[in-house]
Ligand SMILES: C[C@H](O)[C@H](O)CC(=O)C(=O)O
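The form predicted on its own is given below as one chain in structure tokens.
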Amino acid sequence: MSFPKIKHVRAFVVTGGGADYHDQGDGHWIDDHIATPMARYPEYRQSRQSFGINVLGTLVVEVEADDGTIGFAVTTGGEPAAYIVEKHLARFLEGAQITEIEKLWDQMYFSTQYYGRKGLVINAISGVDLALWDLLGKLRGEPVHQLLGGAVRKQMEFYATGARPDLAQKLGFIGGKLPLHHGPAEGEEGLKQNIAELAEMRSRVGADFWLMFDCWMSLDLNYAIKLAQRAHEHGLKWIEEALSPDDYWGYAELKRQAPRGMLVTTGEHEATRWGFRMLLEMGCCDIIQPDVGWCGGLTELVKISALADARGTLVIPHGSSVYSYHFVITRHNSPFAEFLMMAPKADEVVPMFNPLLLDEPVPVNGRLDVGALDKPGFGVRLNPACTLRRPYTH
């Protein structure tokens, strides 16, 4: 089968929601006194936006074939990532065969290794990689999940991340993950408030509904152990991203000391097969949670998943909407998925990357049929009402 070659690569930025889902207006649950590594400073405790969580904005990558077909993807990284795509990565892509995704990933990663390896550069590579998969699916007339080997189940189940697991339960989700509101700097009183919130939510949802804590890298080891032990009394299913993503030794100790039956999860801010190999080989967690837009893209997520599968570890990607759904539906060691409740009060299901994407599938009664993913590529479109800006060209 003959394929056109890559003709153009373009990088755009957009603000206000989209892939940078922390870029929300006032009153949104996602920015309401959530525990962070910066909460040790009182002036940055109430709002994550106060220390700059939303400064980058969304990166949109377009890859155009010489027949005019365009694949695209969105992730975070904004203008700095757009510079990397336009000024560095584009040279490997333009003129290349679209089917050479493995080769292109290798060239992008190792050419940027001297200033990359994690963070912003890997976000940029992830965006390009996802756009390539979208383009390949469109040219073949197949959804990405079929390119990955096909679905292993007819339907996906979801848990919801948001401030109101009790409402998520009524919406059909299998569990609810609460943001942790108080970190070590707020002392014993803050710890008591965290446990009280969990206890109150447990009383609302009953004994069998999953409840989890998202700690967003905010704790030290001693606090995390105390939180896990006290939360166990209220049936906490897992404690997520309790420590700095670089503290592999701390995670290994937390996993050793966590109450029997409670899971330790992390990986949202980890990247590449090498980073996840550290988590897996050091026994840091029970579930890894790579974000397909941050860990190296779909090409790398497949490798990460294989490492985890060989060790009997689950892969539950960090909420990345349709980009992770096409992966989860194809893997037995990804038995359910995350859905971020992006409604300001976490009281209704709205598309995660709203308003940037059109045709973005969302769970219905906490479930999503594979048929909702059967359009070519990732099956979504850019909203023409959103203003994209191309800050750099090449």
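Start at 1 and count along the sequence shown; that's the residue number. Every value quoted in this text rests on a predicted model; they were computed, and no experiment measured them.
Here the subject shifts to the form predicted in complex with the ligand, a form of this protein not shown in this document.
K.L.:
I need to confirm a contact call. Of F72, W210, W216, Y248, which residue comes within 4.5 Å of the ligand in the model of the complex, counting heavy atoms only?
P.N.:
Checking each option against the ligand in the model of the complex, the one that comes within 4.5 Å is W216.
K.L.:
With the ligand left out of view, choose which of V55, V350, L358, L340 has a non-hydrogen atom within 4.5 angstroms of it in the model of the complex.
P.N.:
Looking at V55, V350, L358, L340 one by one, just L340 meets the 4.5 Å heavy-atom criterion.
K.L.:
So if I measure heavy atom distances to the ligand in the model of the complex, which of the stretches 172-180, 191-199, 125-133, 222-230 falls within 4.5 Å?
P.N.:
Among the candidates, contact is made by 172-180.
K.L.:
Since only the chain is shown here, I'm wondering whether K138 would be in contact with the ligand in the model of the complex (any heavy atom pair within 4.5 Å).
P.N.:
K138: no contact with the ligand in the model of the complex.
K.L.:
Counting only non-hydrogen atoms and a 4.5 angstroms cut-off, does E186 reach the ligand in the model of the complex?
P.N.:
E186: no, not in contact with the ligand in the model of the complex.
K.L.:
Would I30 count as a contact of the ligand in the model of the complex, using a 4.5 angstroms cut-off between non-hydrogen atoms?
P.N.:
Yes, contact at 4.5 Å.
K.L.:
With a cut-off of 4.5 Å between heavy atoms, is E268 one of the residues that contacts the ligand in the model of the complex?
P.N.:
E268 belongs to the contact set for the ligand.
K.L.:
Just to make sure I understand: among 140-161, which residues lie within 4.5 Å of the ligand in the model of the complex, judging by heavy atoms?
P.N.:
Just T161.
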